[in-house]
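Quick setup: one chain, the form predicted alone, written in structure tokens, and binding and motion questions come after.
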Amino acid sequence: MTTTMTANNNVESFAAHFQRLEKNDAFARSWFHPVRKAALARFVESGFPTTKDEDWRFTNIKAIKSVDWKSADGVSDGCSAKIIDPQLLEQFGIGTTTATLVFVDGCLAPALSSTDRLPKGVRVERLSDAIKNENKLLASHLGQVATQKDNAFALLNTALVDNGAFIHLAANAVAEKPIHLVFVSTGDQATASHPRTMIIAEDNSQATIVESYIGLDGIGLDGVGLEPATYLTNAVTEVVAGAGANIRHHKIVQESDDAFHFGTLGVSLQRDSRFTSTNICTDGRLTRNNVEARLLGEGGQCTFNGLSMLGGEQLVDNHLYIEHAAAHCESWQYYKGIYNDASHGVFSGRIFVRDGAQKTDAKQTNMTLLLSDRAQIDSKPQLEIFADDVKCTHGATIGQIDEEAIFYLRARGLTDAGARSMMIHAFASQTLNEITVEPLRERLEALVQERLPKG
């Protein structure tokens, strides 16, 4: 079921869509409704960001206001996914999983999903079902992890979240195989979807979670080619890691060529917990990734890896904020970009060390490879430290392929294209090797290989 928004896609049109949803009793009577309403009010007050805002000065989002969006009403019981050929999704598989949830244009597709291999203590279900069942654990965390005050898209997601997943790991629970969440946009209409994922990992639990954002890129529901269409994915993922929990997270953005992707990842880490996230972006017209992590208990560790490989006029904007609020915590940021043609990368990383967070160890690195004179990167690493016994470093490197290294490789029999391909692949492999799901890593290795200079 879809609802057509007004042709002038502005703040008022999203507010009007919210009012239409309120006519649904299940929506209006939900315990989550006051949270939605408060988020909408803040969104209407603040509006969309512009290039006059410091955090958005390199990213212009005016194009999203010119689209007549259609929105999947995943918040209602009438939401039903479009039927697509399962073979279209085989190329995005990650092997055997603990559970797989597939959402098509914001609606759960039960025929493509599977939760029949869940071990004891692991729960994976549709978020709307958990909200409907008034899950108390969910109510204490949903909307509390990802800061929304200055994030218009997170506010919009909270107000209009149409579907998503709830993952709960009980204390000491272990998911041996990855949990896969697949968000598919069919590309046959200009759809705006607002998927939400809530992950609660109690003490000493372990899991690997993969989020795949996929555009069929002009492939019809029956596999017949279509003209690529514009769509908007506005996703929020919140993670709560209890004491001693260990969560590995992989996010893959393979949207369609004319798609907009806005993603927010909020992480809360307690004592001795571990969180490792790898973000791979290879497609999409405009992608914005907001990451915020808070180390709230001593001994916590978090690592954020990123790799963007873009061409054409694509843009990716990565914003990271890591807050050290407890002593003896460690954080690492390693973000790489490979930009060709007239593509554009933005990186803003901020490490914030609070007073009392002694013995903090934090490192931030942004490395960029420009393959064209027209490609560009805006990099802004930042440190803000209020403790005196810390070890914090940050840095950024920007450059082109080392011509001396190319000469060295050519002297040993490689062609120019082959030498450049080897150098680029070596640059990307360090990040890809951080992906612990072997079938996923192999698929991404092949994708990178396809885009390298041939020779």
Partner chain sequence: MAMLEIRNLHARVEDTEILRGINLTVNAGEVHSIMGPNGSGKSTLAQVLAGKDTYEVTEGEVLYNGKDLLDMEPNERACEGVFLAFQYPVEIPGVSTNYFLKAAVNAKRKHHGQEELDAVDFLELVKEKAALVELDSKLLSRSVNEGFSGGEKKRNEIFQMCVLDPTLAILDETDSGLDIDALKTVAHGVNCMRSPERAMVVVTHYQRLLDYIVPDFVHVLREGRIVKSGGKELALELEAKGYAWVEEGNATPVATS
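Note that the coordinates shown come from a computational prediction; the quantities given were computed from them, not determined experimentally. Positions refer to the first chain, counted from 1.
The discussion below concerns the form predicted together with its partner chain, not included here.
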item: Close approach of Asp389 to its partner chain in the model of the complex, 4.5 Å, heavy atom; value: no
item: Contact flag, Thr415 vs its partner chain in the model of the complex, heavy atom cut 4.5 Å; value: yes
item: Its partner chain contact in the model of the complex: Glu54, any heavy atom under 4.5 Å; value: no
item: Partner proximity in the model of the complex: Met422 to its partner chain, non-hydrogen atom cutoff 4.5 Å; value: yes
item: Its partner chain in the model of the complex: contacting segment from 46-54, 60-68, 25-33, 397-405, heavy atom within 4.5 Å; value: 397-405
